[in-house]
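In structure tokens, one chain follows: the form predicted on its own.
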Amino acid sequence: MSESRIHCAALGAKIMSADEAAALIPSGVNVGMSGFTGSGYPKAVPAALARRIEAENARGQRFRIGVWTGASTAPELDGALAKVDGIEMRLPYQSDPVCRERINAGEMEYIDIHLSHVAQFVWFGFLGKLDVAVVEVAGILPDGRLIPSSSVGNNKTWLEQADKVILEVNSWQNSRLEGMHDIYYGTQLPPHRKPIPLVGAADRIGEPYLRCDPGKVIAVVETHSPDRNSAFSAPDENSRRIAGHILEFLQHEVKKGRLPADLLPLQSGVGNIANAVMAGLNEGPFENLTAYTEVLQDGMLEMIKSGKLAHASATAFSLSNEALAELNADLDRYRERIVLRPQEISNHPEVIRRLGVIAMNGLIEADIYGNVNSTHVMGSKIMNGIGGSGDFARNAYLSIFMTPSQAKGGAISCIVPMVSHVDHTEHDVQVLVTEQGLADLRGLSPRQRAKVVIDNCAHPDFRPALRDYHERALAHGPGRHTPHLLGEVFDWHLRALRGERM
């Protein structure tokens, strides 16, 4: 353990072990935990709580809690608690395989919710009482203010709304993160809301520290544990082709005068395709770019390093070990170009629309009319959750969704007659991209969109069947505006469920 980062005497008096802190969390409560895409989550207390729950269950005492976070966390939190059946309700986003299994088995309740809605729903009282907050920080100042960690997420709301607070002070986090954050305390409840005074991605409208009433803090735990830093795969051919289509489209938009030469602020979802797009932009013709996104990944960090990206706003990091080493090696310079905000600001519809964000997100499947499913496999099995994609898609200047055209070795088409679950309606989807091509859906009727999606985005192996379906729906469907054959619209999914090729 390195030198203590707890410089407040009142909170220093509350230092205890993770097991002692976990013993202060009773069964049946709602716990708001820090963490967003594997960054800034508490490492020690959840693991200790899982051990306690396992022991209680062994004695026949059922012990479960509600777990609220910013987004996904890590096996030490979600996985550990799910493994011992310790989670009654989970929200708003998860990516843990044990959680996913329990949710899809009906053994854990799960609320999938837009990330921008979480903080305000807690303030509104829509989700019930928040009993305890467990929040990781990088340090505590003498006056009790908290240095945020590698993610901000919903931490501001957790600290304000929870009756009791447990702090994990993680000395593994780089102390030079101090000053990178911008915590805005100007939000209010209706009818007293005011415009958020943010007009540029680099603007700072708050303060660099989190506030917390010291009287609510019941425990302080010192840790020295790393974030879950996941490696990204090198861009494959499909990812490079998708990136190429998007770059060509953006250049076309600039030529048409619909985008400025330095584009508009970029938002990018998490994953290998998103990183491939960033790599393409890093090699492309655009200069002096900005980003207003929720997660800063390897690709954006590389763009800042190269000078292509002047500023980036996010709520969390999601970096590989190599990118993290790069960040730490030159953190003073990166701190001048990166700002981490609460997710209620990073994902705020008002700000996204004002800035004119270019939103680029992944999907599970899209249909021929432009509806997108980004959360469910075969209509009823949750994958991770909607995350922030809806916040950006609904309010972006340009809403782009991207995916390979097929999955499972070609057994499944990612372009289908009708999506089995709708997260983003055709009204929020402007552009679809696969390795096959790009479909610009702006200004097109449903029947026109179907032709463009099939011709440009579907894999050649599935195009004939999609055209056949659409032509028969045009001839025999109950309506001609958005033609469907209701008796067979999900036949593709039913074949896949039988283990057959779509």
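Remember, predicted model here, so these are calculated numbers, not experimental data. A residue's number is simply how far along the shown sequence it sits, counting from 1.
Although it is not shown, the form predicted in complex with another copy of the chain is what the next lines describe.
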Would you check whether another copy of the chain, in the model of the complex, lies within 4.5 angstroms of a non-hydrogen atom from each of Gly86, Ala138 and Ala325?
no
Contacting member of Ala202, Val217, Cys414, Leu398, with respect to another copy of the chain in the model of the complex [4.5 Å, heavy atom]:
Leu398
Would you mind picking the one in Ala465, Val29, Ala55, Leu444 that has a heavy atom within 4.5 Å of another copy of the chain in the model of the complex?
Leu444
With a 4.5 Å heavy atom cut-off to another copy of the chain in the model of the complex, the contacting stretch among 226-234, 185-193, 279-287, 239-247 is 185-193
How about Gln161: is it within 4.5 Å of another copy of the chain in the model of the complex, going by heavy atoms?
no
Taking any heavy atom pair closer than or equal to 4.5 Å as contact, tell me whether Val422 reaches another copy of the chain in the model of the complex.
yes
When the contact criterion is heavy atoms within 4.5 Å, does Ser116 count as touching another copy of the chain in the model of the complex?
yes
Closest heavy atom of His427 to another copy of the chain in the model of the complex, within 4.5 Å or not?
yes
Taking another copy of the chain in the model of the complex, which residues along 468-501 bring a heavy atom to within 4.5 Å of it?
Pro478, Gly479, Arg480, His481, Thr482, Pro483, His484, Leu486, Gly487, Val489, Phe490, His493, Leu494, Leu497
